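Read the single chain below, which is given as structure tokens and is the form predicted on its own.
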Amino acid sequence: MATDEGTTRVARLHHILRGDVLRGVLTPGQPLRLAALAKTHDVSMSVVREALARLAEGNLAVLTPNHGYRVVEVSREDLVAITELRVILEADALRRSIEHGDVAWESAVVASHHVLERATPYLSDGPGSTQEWSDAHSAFHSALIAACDNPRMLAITRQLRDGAEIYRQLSDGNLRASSTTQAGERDIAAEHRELMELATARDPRVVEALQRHLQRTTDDLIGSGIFGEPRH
């Protein structure tokens, strides 16, 4: 049916645009012109309009009267606000996930961590993380809280994680996901491994470990200089 085909095209375009925003292909504040997007992706204006509406629902775009859609802007205040909510909601979702998760959930956490550990972390020809690592990173954090019994909480955490990913990609390669570090540097791979081990052991300390992990990432992002305040 035409309606089904239209829905599929909207979903496909939304997926593409979401990825472009998260990777920084579409930059913060950039106008999202309906006609240009329709031509680029060979779809109708109505498909573009619906895809952009979905993008706005996920807080990745904004609609301004008389100006149309733009990619969401970034700011230090917004990053701090996103992190504050993630520390609260993702921690609670993890508590619930540990409480309700079964062996299948444990297996999914271990499997997603296995993929993350083996993903190539950063680009060889420029700054920033690889798409492979970014996807694996998102999948791992999603797996940790997948057994949470509150679907609305999970939906909100997904939106917040998307918002945080924009900032991580804007860090211009200063944050590196690496399994080996020099003395005093952050070992992000070890943090992920700790989260996996504590979660599958049903150890309540995993909640604080997750909160530290999220907060430290934000502190590092702010210190990376993306807001014009480089760390000394």
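Note that the structure is a prediction, hence the values are computed from the model and not measured. So that there is no doubt, residue numbering starts at 1 and follows the sequence shown.
Below: the form predicted in complex with the DNA, not depicted.
This chain is displayed alone, yet in the predicted bound form one of 188, 166, 207, 32 has a heavy atom within 4.5 Å of the DNA; that residue is 32. A residue is said to contact a partner when one of its heavy atoms sits within 4.5 Å of a partner heavy atom; residue 62 fails this definition for the DNA in the predicted bound form, lying far away. The DNA is not shown here, but in the predicted bound form it comes within 4.5 Å of a heavy atom of residue 9. For residue 68, a non-hydrogen atom is located within 4.5 Å of the DNA in the predicted bound form, even though that partner is not displayed. The closest heavy atom approach of residue 39 to the DNA in the predicted bound form falls outside 4.5 Å. Across the proposed site, 115, 118 and 120 without exception lack any heavy atom within 4.5 Å of the DNA in the predicted bound form.
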